[in-house]
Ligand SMILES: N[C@@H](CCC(=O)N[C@@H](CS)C(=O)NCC(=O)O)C(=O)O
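Just the one chain here, the form predicted on its own, laid out as structure tokens.
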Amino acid sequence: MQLYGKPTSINVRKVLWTLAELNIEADFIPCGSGFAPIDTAEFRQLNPNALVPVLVDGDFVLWESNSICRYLVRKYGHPTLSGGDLQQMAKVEQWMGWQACELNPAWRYAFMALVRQHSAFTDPVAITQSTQQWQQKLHILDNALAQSGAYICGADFTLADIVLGLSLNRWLQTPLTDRLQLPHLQAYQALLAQRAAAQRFCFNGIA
């Protein structure tokens, strides 16, 4: 099994963290910005979007990080990562979808401006709006954690915690001047940070 990706990519680290929780190793092939090129005809045969990560498992090729994580858990089995019963599985899927469709779009402009310092992201009004939207979404997460009492779906660590943990780390690594004080997120970070795989692939100084 091979995993193609940039080791600092948030979506690639999502898969690496999942592999570590499963105690499964894959041959890691560094590619993307600063590594082997991905905007090539050869790589587009693996992923026509020319994006990482890409998992190659024998003759099977899969892209999109959340789908890769779910595939790995279903292939190798784990009692809690995908949810213990039907309703918890739905909750795990809910929060993974929320992270991809609601949380990620909110932080993109602010993150690209403040961390990546990209020349196309310099509008101060747009930065402020993105920051506000980002923190509004995290306030939703903070409230949910207040009710869950531990991990986002309850007592068990799941795939939803992997994707949300990486997003939380991105927020903490971004130099915001008006960062909200969200106590349940702080407790959540401390809980996640106890996991060895989180130390390797999440809370490791990389946003």
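Heads up: residue numbers just count along the shown sequence, starting at 1. Bear in mind the structure is a predicted one, so any value in this text is a computation, not a measurement.
Below, we refer to the form predicted together with the ligand, which is not included among the displayed structures.
Distance criterion of 4.5 Å from any heavy atom to the ligand in the model of the complex singles out L51 from the list L176, L51, I29, A26. With the partner omitted from this view, the residue of C153, L55, I38, L141 that lies near the ligand in the model of the complex is I38 [heavy atom within 4.5 Å]. Across the options 177 to 185, 145 to 153, 161 to 169, 63 to 71, residues that bring heavy atoms within 4.5 Å of the ligand in the model of the complex belong to 63 to 71.
Contact between Q45 and the ligand in the model of the complex is not found at the 4.5 Å heavy atom cutoff. The ligand in the model of the complex comes within 4.5 Å of a heavy atom belonging to S9.
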